[in-house]
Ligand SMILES: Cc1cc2nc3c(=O)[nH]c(=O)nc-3n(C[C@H](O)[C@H](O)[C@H](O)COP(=O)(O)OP(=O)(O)OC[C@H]3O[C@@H](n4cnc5c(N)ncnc54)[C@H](O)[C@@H]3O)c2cc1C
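We begin with a single chain expressed as structure tokens, specifically the form predicted on its own.
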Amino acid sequence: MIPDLLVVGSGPAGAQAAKAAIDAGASVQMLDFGNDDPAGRASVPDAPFSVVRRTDPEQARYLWGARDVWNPYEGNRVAGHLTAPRAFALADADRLLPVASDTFTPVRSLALGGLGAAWGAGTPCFEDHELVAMGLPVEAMAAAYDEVVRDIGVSAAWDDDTAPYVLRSRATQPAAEPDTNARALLAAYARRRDAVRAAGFTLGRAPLALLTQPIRRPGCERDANPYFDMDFYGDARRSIYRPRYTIDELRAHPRFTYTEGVLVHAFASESDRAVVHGTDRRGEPVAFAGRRAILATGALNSARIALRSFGIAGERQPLLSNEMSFLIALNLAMLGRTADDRRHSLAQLLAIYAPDYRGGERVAASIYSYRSLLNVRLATEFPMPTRLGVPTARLLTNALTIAGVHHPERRSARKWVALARADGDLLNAHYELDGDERRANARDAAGIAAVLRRLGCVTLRRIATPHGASIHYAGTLPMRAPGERAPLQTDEAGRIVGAERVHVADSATWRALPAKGLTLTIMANARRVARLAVETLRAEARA
């Protein structure tokens, strides 16, 4: 008997789509390539960073690793936060999910949990006007946000000035404790609040998929974060959400099947079923059938699969990707001060910047303190010879502040992906900003740097990253506007026009891409799409 739903992909979208479908009473088979490295995770000590640095003679194995072997982006500032224990998140992707481009450097994953195996756990919500621009129904998304927050655990601060822009569900846990540097910045913001808010700048604690309280339910045992500052290396207490936790929970369910080692290439939508075609790890062809299929493989790979399924080569599909830059800054209030050892490694604060020239669009900046990613990573970024960069970074560590600035995105004919051959997997991609976009993005970064300076945080350098470095991708199979009916578009339920038994549950369907982190919205939308797919199956059964 075929399952109700085939879910392709185990990342944030796939895991939450499967969970929603199981909760709705459907049967689900998940198809996934499923690279993983439990031994690598287990090698990371369950101890604070400071203890590891003082006592573990094997620390280089997981703190540094053979980076030239596993990080194909080393040296160009893409995926720079990935560490050796997260190497599996990138394994095989360049070979099996190829992208050819001189202008776009995307990150792809074939891991168990997809890019969620290594994400930074930022969980802002989108506002009503942002959801409308994306083509997503506000009321349904509000309910889905609440479901995801309850399921994965999100810590957030409802009394911060940023709350109206990034929070929706009251099911959140208490906010994570800010570290010494973040507390100093918040204190400076409180003193100058009226002035910087008049400039369109608000600051608050970052909402994170990080537990500050345990979660206990059948199949799910997760504890609060221990503030070891090892979050880029291990999964201490399972406190930071990874999609594999949901899949582990589902494996015990009789209506769920996980099938690993499958690379999906194409689908066919038949009268009473969807058929998914792929290859196994040896390259041998495999096929699976379900009453419906849900693509949850990420905006780039879902487009690849759809284009190959329709045999369309050379036709350009739109591409959305948030531009990103880093501000390396020095918090003057922290010079000469000792920082508390107790801290987490993720974004400490989130700034929302809404200057007048953006017309209501938000710019988002995730603000990090710097320690556990090691000073040598920053040595080349200081305006001095590298041999002086390491001791300088060591001297200034407690005051170092990194702001990752994300800019809102707009569609353009200069941003696209296309399948190179109708029977192949190679995607061609192009990404180019026009002059107005470049000027607005530069103005965003300069404006945030100016506000940080008023808070006593002086920017030493702005670092531009390659197009695609944000790892925020969307819009490749966009939701059609009313009255439109064209191939490789989708409807509100995520169904692909011309393949109505195949739904898309990831960000490929979005018509716009706000600057805030997108993963929580991906998960909420995936739940919404999965529920609609199950409702459609029930309607068919009643007919």
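Residues carry their position along the shown sequence, with the first being 1. Just so we're clear, the structure is a prediction, and the values are computed from it rather than from any experiment.
Beyond the structure shown, there is the form predicted in complex with the named molecule, which is absent from this document and is the topic of what follows.
Student: Please check if G120 has a heavy atom lying within 4.5 Å of any heavy atom of the named molecule in the predicted bound form.
Tutor: Looking in the predicted bound form, residue contacts with the named molecule include G120, since a heavy atom lies within 4.5 Å.
Student: Using a 4.5 Å heavy atom cut-off, state whether V8 contacts the named molecule in the predicted bound form.
Tutor: It does: once the named molecule is placed as it appears in the predicted bound form, V8 has a heavy atom within 4.5 Å of it.
Student: Examine G40 and determine whether its closest non-hydrogen atom to the named molecule in the predicted bound form is within 4.5 angstroms.
Tutor: Contact check for G40: no, nothing within 4.5 Å of the named molecule in the predicted bound form.
Student: Determine whether any heavy atom of A474 comes within 4.5 Å of a heavy atom of the named molecule in the predicted bound form, and answer yes or no.
Tutor: Contact check for A474: no, nothing within 4.5 Å of the named molecule in the predicted bound form.
Student: From the list I305, A293, A206, L319, which entry has a heavy atom within 4.5 Å of the named molecule in the predicted bound form?
Tutor: It is I305.
Student: Looking at A333, V286, L373, L263, which is the one with a non-hydrogen atom within 4.5 Å of the named molecule in the predicted bound form?
Tutor: Exactly one listed residue reaches within 4.5 Å, namely L263.
Student: Determine which one of 306-314, 151-159, 164-172, 108-116 lies within 4.5 Å of the named molecule in the predicted bound form, judging by heavy atom distances; exactly one does.
Tutor: Careful reading of the contacts points to 108-116.
Student: Answer yes or no: in the predicted bound form, does the named molecule come within 4.5 Å of a heavy atom in every one of D146, G494 and N525?
Tutor: Judged in the predicted bound form, none of D146, G494 and N525 sits within 4.5 Å of the named molecule.
Student: Do any residues of 294-313 have a non-hydrogen atom within 4.5 angstroms of the named molecule in the predicted bound form? If so, which ones, in sequence order?
Tutor: Heavy-atom contacts to the named molecule in the predicted bound form: A296, T297, G298, N301, I305.
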